[in-house]
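Shown here is one chain on its own, the form predicted alone, set out as structure tokens.
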Amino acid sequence: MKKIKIIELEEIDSTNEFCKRFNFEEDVIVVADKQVKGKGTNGREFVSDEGGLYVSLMRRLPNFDFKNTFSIMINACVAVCRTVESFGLKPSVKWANDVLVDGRKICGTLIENRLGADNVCSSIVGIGINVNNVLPDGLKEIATTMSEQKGGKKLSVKRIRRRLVKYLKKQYDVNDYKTYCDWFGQEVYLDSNGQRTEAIALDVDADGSLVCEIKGQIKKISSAEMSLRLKCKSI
């Protein structure tokens, strides 16, 4: 990736929304100390208090084939994992885009693509990493922070940001992504519209499909159809 402009903000509604409002013609990275209206997947609120790292990468993608959209998620997840790993923690990816440490969520990723007739025109990758921020009581069982995992030690958010930007500029493939999937071969739950199905997770395809065994049959599942719940984890 070529040299990219970085925009630093103290407080914003959402770094993704900031990118959409300005619709930059060049690739940019927007970072904020705090988001007051951070959002996650499916419109959920993403608590974004001071002490966390909130980043959006906006890229123009001329002639980017729609079939390759999962590679955008691969790059985001692997960049986060390598960043967290470089600070002495052991991350894992929960399909499709949550990064966990010690079985609890440490990072959320929201990808918003602008589509053409048969291609992706641009992409905004929003990343929120829990660093030193204090988590609400309701999230402490399912989420964690880098500081908590380091025994309460305060970490430099700017240093972590520099490391993340470095890794975001690299390109990864599905094998890099699968390196952080530590649940292959395990029994999992697949949730959809209030219904839960038991399965054995086997693999993740390059197109992002989860390959699993359900009642003795091998099936490919899209993340748009079902979400993964790990039996031995809290989320």
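In this text, residue numbers run from 1 along the sequence as written. Please read these numbers as outputs of a predicted model, since none were measured by experiment.
Below: the form predicted together with ligand BTN, not depicted.
Visitor: Would Lys105 show up as a contact with ligand BTN in the predicted complex if we use heavy atoms at 4.5 Å?
Guide: The answer is yes: Lys105 has a heavy atom within 4.5 Å of ligand BTN.
Visitor: Wondering, does Ile127 line up within 4.5 Å of ligand BTN in the predicted complex on heavy atoms?
Guide: Ile127: contacts ligand BTN in the predicted complex.
Visitor: Does any heavy atom of Ala143 come within 4.5 Å of a heavy atom of ligand BTN in the predicted complex?
Guide: No, Ala143 sits far enough from ligand BTN in the predicted complex that none of its heavy atoms falls within 4.5 Å.
Visitor: Might Ser122 be said to contact ligand BTN in the predicted complex, defining contact as any heavy atom within 4.5 Å?
Guide: So Ser122 does not count as contacting ligand BTN.
Visitor: Please pick out the stretch from 127-135, 147-155, 72-80, 160-168 that is in contact with ligand BTN in the predicted complex, where contact means heavy atoms within 4.5 Å.
Guide: Flagged stretch: 127-135.
Visitor: If the cut-off is 4.5 angstroms on heavy atoms, which of these, Tyr172, Tyr189, Phe46, Phe184, is the one near ligand BTN in the predicted complex?
Guide: Result of the distance check: Phe46.
Visitor: Going by ligand BTN in the predicted complex, which residues of 3-19 come within 4.5 Å of it through any heavy atom?
Guide: Result: Ser14, Thr15, Asn16.
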